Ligand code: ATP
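Take a look at this one chain, the form predicted alone, written out in structure tokens.
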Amino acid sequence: MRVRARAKINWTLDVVGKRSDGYHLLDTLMQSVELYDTLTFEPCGELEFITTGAARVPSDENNLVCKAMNLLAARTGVTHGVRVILRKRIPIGGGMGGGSADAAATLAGLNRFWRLGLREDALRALGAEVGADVPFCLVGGLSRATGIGEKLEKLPSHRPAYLVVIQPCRGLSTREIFQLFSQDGLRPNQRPMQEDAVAAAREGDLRRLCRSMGNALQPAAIRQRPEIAQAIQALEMMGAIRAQMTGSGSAVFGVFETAYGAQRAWESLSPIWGRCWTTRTASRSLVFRGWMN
């Protein structure tokens, strides 16, 4: 059995508070995109995890796949094993939720592979223990997320928006970016227009959504990696309606109304920015392949 685990973008990301345990409270509008990792599930005598496609991906408990696999086995009492093979394509340290998507695919995939019969709400509760973005990656599509990212309000998905994604520099530490954000504070003009963005997303008004975009963490990330600002400018010069960083970085995305416009931009930018992809928004996050009933 194979599962495609899709990445996500943040149309908006606002930081609205901080919990006593140090976690920041967010208000963010997230959507799945078609850029994906692939997880393959095979019979095995024990729990085994293998990674391919990226040298920097850990294959131990530091990987959310391992954490999800072990958590599900422990909570359900499963005694038979599985081999999970992860092939990475989503940028690492890019703010596109690749690790969370992989964990979500692990929980949902093993639920089918082991025939556990767990409902979505049970998987989401387990996912929240693995990582804040895992519940969204189990649901996919378009959602407003609050709390630390685990409280979801599902929104309708309309026609896809076409994207060019650039990772202009090495990955960023989420913890470091939030620390810088806390030190700098946030000026009002750096906040996304959240309610306007949600209304535009409901209506499927792409241009209004782009006008409302914003990422409160972007100024702190640019201080660490000026290349992020350069990539944003390059995308907008190539005709993107709007471009910004996703998550805590370092990937940025430009929004295009047509596949042709995105393809033309990619053709011009990919020789300059080596890590450059075309993709589009999606209405779901997990795609199953090769499952037999």
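These figures come from a predicted structure and were not determined experimentally. Don't overthink the numbering: it's just position in the shown sequence, from 1.
The same protein has a further form, the form predicted in complex with this ligand, not shown here; the description that follows concerns it.
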| property | result |
| --- | --- |
| Partner-proximal stretch of 196-204, 88-96, 74-82, 108-116 relative to this ligand in the predicted bound form, 4.5 angstroms, heavy atom | 88-96 |
| Contact residue in the predicted bound form, from 265, 33, 65, 29 (heavy atom within 4.5 Å of this ligand) | 65 |
| Partner-contacting position among 58, 239, 226, 53 - heavy atom within 4.5 Å of this ligand in the predicted bound form | 58 |
| This ligand contact at residue 249 in the predicted bound form, heavy atom, 4.5 Å | yes |
| Exercise: residue 174 in contact with this ligand in the predicted bound form, heavy atom 4.5 Å | yes |
| Proximity of residue 215 to this ligand in the predicted bound form, heavy atoms at 4.5 Å | no |
| Sequence-ordered list of residues in 123-150 near this ligand in the predicted bound form, where near means a heavy atom within 4.5 Å | 133 |
